Structure formats: structure tokens, C-alpha cells
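Shown here is one chain on its own, the form predicted on its own, set out as C-alpha cells.
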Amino acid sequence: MNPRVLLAVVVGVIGIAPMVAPAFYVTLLNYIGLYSLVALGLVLLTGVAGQTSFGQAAFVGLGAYTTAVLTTQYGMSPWFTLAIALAITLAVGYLLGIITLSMGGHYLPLATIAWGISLYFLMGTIESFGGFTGITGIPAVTLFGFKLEKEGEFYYFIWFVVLAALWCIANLLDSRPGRAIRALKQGSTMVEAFGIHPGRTKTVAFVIAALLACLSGWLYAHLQRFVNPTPFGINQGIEYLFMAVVGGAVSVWGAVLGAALVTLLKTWLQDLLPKLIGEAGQFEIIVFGVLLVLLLQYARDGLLPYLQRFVPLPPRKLPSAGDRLPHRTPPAEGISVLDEKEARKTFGGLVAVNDVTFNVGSHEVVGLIGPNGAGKSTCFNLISGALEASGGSIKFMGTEITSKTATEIAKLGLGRTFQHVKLVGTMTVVENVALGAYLRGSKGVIASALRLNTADEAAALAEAMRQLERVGLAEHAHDAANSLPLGKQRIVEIARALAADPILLLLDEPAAGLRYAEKQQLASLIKSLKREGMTVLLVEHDMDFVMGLVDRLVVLNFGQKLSEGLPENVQADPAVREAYLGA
């Protein structure tokens, strides 16, 4: 189905709804629009970025109370109060984001519950806020000299804002910073390897979600012309999250679907259930609980992704060409790219890497091998910045990187793959590869949301396609990354690392789990990269795989360097044969 046709139908239905629907349902549609804005923020924050928040209702209240107080007590224009409300929310959201997003596991949702409850009681106890009674007399919004006093008039304003927000968030997710946000679920190690700062990226998602909730609160205050703390409590925060989960927390339109379903179903059940049961009560909560269990059992990603299985959308059309991204000048042959001297890593009393020294020259393929537990991956992670060395020195292109973060090292020109494949399964192959080119782009969140990044995006996707063609996977560009077999997923990881335009390419056990034919294809690819002038350091335990592939071998055993030299010399070394190959 053509997505433009489907979008036109949805927009058309929204446009004619007030003309044909009863006044009661126009009111419900207004609330659905307001709830959609908050749920949209949770799609970005929770569904995409993987950061659970139960406190979004507090940001709705922040927007509502800011405009209520400033318009009724200080006579300010609603438009001026909107700017102030967004500025306050930006500051509060940034501060809370820094504090709460540093927590992991169950601590983050617990923290959002805590500050959500705190803001709720703050609104109810301050006298100038009207206490729990609230504030009345909020003025109507004036748009182009026309007062939006009736719900039918305010309806089009609300839904214009909702559609604009949907457009902006959809643009953002299909962009350079959007791919960074979508990659957060894979953990900080992967995103840092491509120059993405996970803490800042999470904070950006948190602040955007807070601003959308604030905007919803501002609209709510001028729709109702009255506010009190009741709609901004923790129960409503949980309901917002429920809306995002029901509709599909990985899809922007899932926010609208979830808000519509929950709002309509709640209204209908509140009328129907007391009649069936014969007494009043909040029986709809029981029904919602049962429905949530069924949803998590049969459609864990929400209803919209489940329905899209039956009506698949066509793949995103890629630009036919794009400007070349900035390209690093590779070092001349023979230049020392990596110098590791007496590198050491301890974990308490365990010495994982014990004073290891070796170097890698430009245009060279060096293999780092050894038995399981020899310290190969630990040494590899010291070089890439995933772990901080306990001692020694590691220099990359003459720059000391021992104390630098993975993000800082990636900026210097180091690209890597992972022992366990770390692709974003919900993204296509070409999007995963474009993620590798993050540092080669420049457009930020605002430019991406407003679609001012066309040239930047075309260049990134064109680069991704060039790398897929380079590794022989161009025909899989539009496939979901998690649909590929393990061998091809490892090749996609190499293409992603190449999209970063690295000086040094680190391959962490690239042949692990591959069949013989796949290993041969991988070896051919690495040889072709060497011919093109790429410098490669690979960690591997398969001696047969590396023997005809590398220029030199470095052998580790129990965290110490056991041997170093040409492959045939290392293979003949009695110490290596005894410790690794077998005497």
C-alpha cells in the first residue's frame, strides 16, 4: 500500500470528523490529539531509545500550569507563555534527564515515578497555583485575530499541532541523529564505537519527550480554560505509557492509534460495564489489565506493527546519488598506526592483560590470536576504548589514547566490529551501515526534524550503499538486519565500520560461528580491503583462517604475549604449539 495514499486518507478523516461526528466525539477527538502528543514522546523515549518513564504527566502539568498562572495572574499572551513553558520544560527536562538517565535497570522508572509524584504534589500545595482546587479563567488562544473558544474550533488547531509533531518525529527518526537514538537499545559499547555519546543522545530523547508533553499541557489548559492537579498525577503517567505500548511503541503513528484505542475503549467501558455488572466501579482497569497481558503475549511491539505484517509498506526510496562525504587521507605505507607498550588491564586481583607490547603498521593485516581466555578481546577493547587500561601506553597515529573514551578514539579514525554481532534488528541493512557514517555528517536534531538535512542524508545513504556494494551485499539493502543469517550479519558489521572511513579497522572474531564457505568469503573480503590500502587488526582463534590472511601474528596466552612474527614462524614456535595448537 502506498503510504502517501494511506496518510491522505487518515488526514482526510481527521479533517471531516467535526463536520459529521456528534459534539461528544469531537471532545473525545480533542483529548485523543492531546494524549497522542504525550504518547509520541514516549514512542521516542521508551519505544525507540529504550528509556522507560512514568512521569510524563508531570511535564503535561508543567505546561498547563505555566500558562495558567502567567495568563491569569500576570495577563501575558498565551503565545508568550508557550515560549516560557517550553523554556522551563527544556531546563527541567535537561536537569532531570541528566540525573535519572544515569541510572540503569529498574532505578530509572522508579526515579521517574518519584519526580512525577513530587511535581504533582508541588502543583497542589502552592497557594498561587490554586491548591488542589485549581485555576480558572484561562483565556482562549487567539490565532490570526480569531479566538478559538469552541471545541470544534480548537479541534483543528490541536490536530494541526499533532500532525506537525508526527511529521517532525518521523523525519528525526529517519536521519543521522535518529539512527543514533534507535541504536541506543544495543547498549553504549556499540554506539560509542561510532562516535555517538550515549548519555547526550538519551538526554536529547528525554528532553524532546518532555517538550511534547509540555505542549500537550499548554493546549489542554487553553482547551479546558481551567486546570487542577488531578490530570497530572502518576496514574495518568502510567496511562500515557500504556497508550504508547498498545499502539506500538516503535512507530510514530502507533502513538495516535494507542491514544485513540485507550481513550475510546475507556469511555465505552465506563458506560457499559456498570450496566452489565449492576454496580459502579472502575471495572475498565481490570479489562485493560487482561488486554495488556494478551497484547504482550501476541503482539509485543503493539498493534500497529502487528497490523503492518498484513499490509506491508514499500521500502524507503533511496537517493540515486549523493555528494561524497568527507574522506580521511590514509597514512603512507609503513607508518606506525598503532603502538601498544606494556598495556595492562586488571579486574581486581585478576590480570587479564599483562604488559602486552606490539604494533601495527599502515596497509598491514595483523592477527591477534590465542586460546579462549587468553585476553584477546580484552586487549582489543583497550585499543578501542571500550575498557580503560590499568597501565602502559597505547598510541593511535601518534596520539596517546590510553585514557580516551571510545567516542573520542572513534573520531581519530578507528572503526570496529564486535565478537557478538551488534546490529539494530529493527533497522534495515542500509540504515545500519549509514549509522557507521555518523561522524561524517553534521546535521543535528532540529535540522533533521524540519527536513533541512536532505543533502546530508542523501550523502550518508549513498555512502552506505557504496559500502554494501563493496562487500557484496547491495541486494540486501532493504532487508531487516535481523533477517539475515549470521555470516551476512558479520559482513554488514564490516560495511558499517567501513562507512566510518577508518584508518584502522578492528575485527573482533569475525569468523566466529561461520561455515567454511562463509569463512572463505570473509577472507576474500579482508584481502580485498588490504589491496585497497586498509590497515586491519583482527582478533581470532581460528588458526587455519588467519594463516594465509595476515602479514604478522601476535599470540597471547593467559594475558601475556607468547609469540610474535610471520605466520609460518609463529606456527612453528614450540611454545605456541604447546599452549595453543597442541604439541
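Remember, predicted model here, so these are calculated numbers, not experimental data. One rule holds for the numbers: they count along the sequence shown, beginning at 1.
Same protein, other form: the form predicted together with adenosine-5'-diphosphate, not shown, and the subject of what follows.
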| property | result |
| --- | --- |
| Listed residue that, although adenosine-5'-diphosphate is not shown, lies within 4.5 Å of it in the predicted bound form (heavy atoms), from V290, I446, L350, I126 | L350 |
| Proximity to adenosine-5'-diphosphate in the predicted bound form, single hit among V424, A111, I135, A374 (heavy atom within 4.5 Å) | A374 |
| One stretch from 491-499, 365-373, 302-310, 240-248 that, in the predicted bound form, holds residues within 4.5 Å of adenosine-5'-diphosphate by heavy atom | 365-373 |
| T378, heavy atom within 4.5 angstroms of adenosine-5'-diphosphate in the predicted bound form | yes |
| Heavy atom of Q419 within 4.5 Å of adenosine-5'-diphosphate in the predicted bound form | yes |
| Residues in 163-182 with any heavy atom within 4.5 Å of adenosine-5'-diphosphate in the predicted bound form | none |
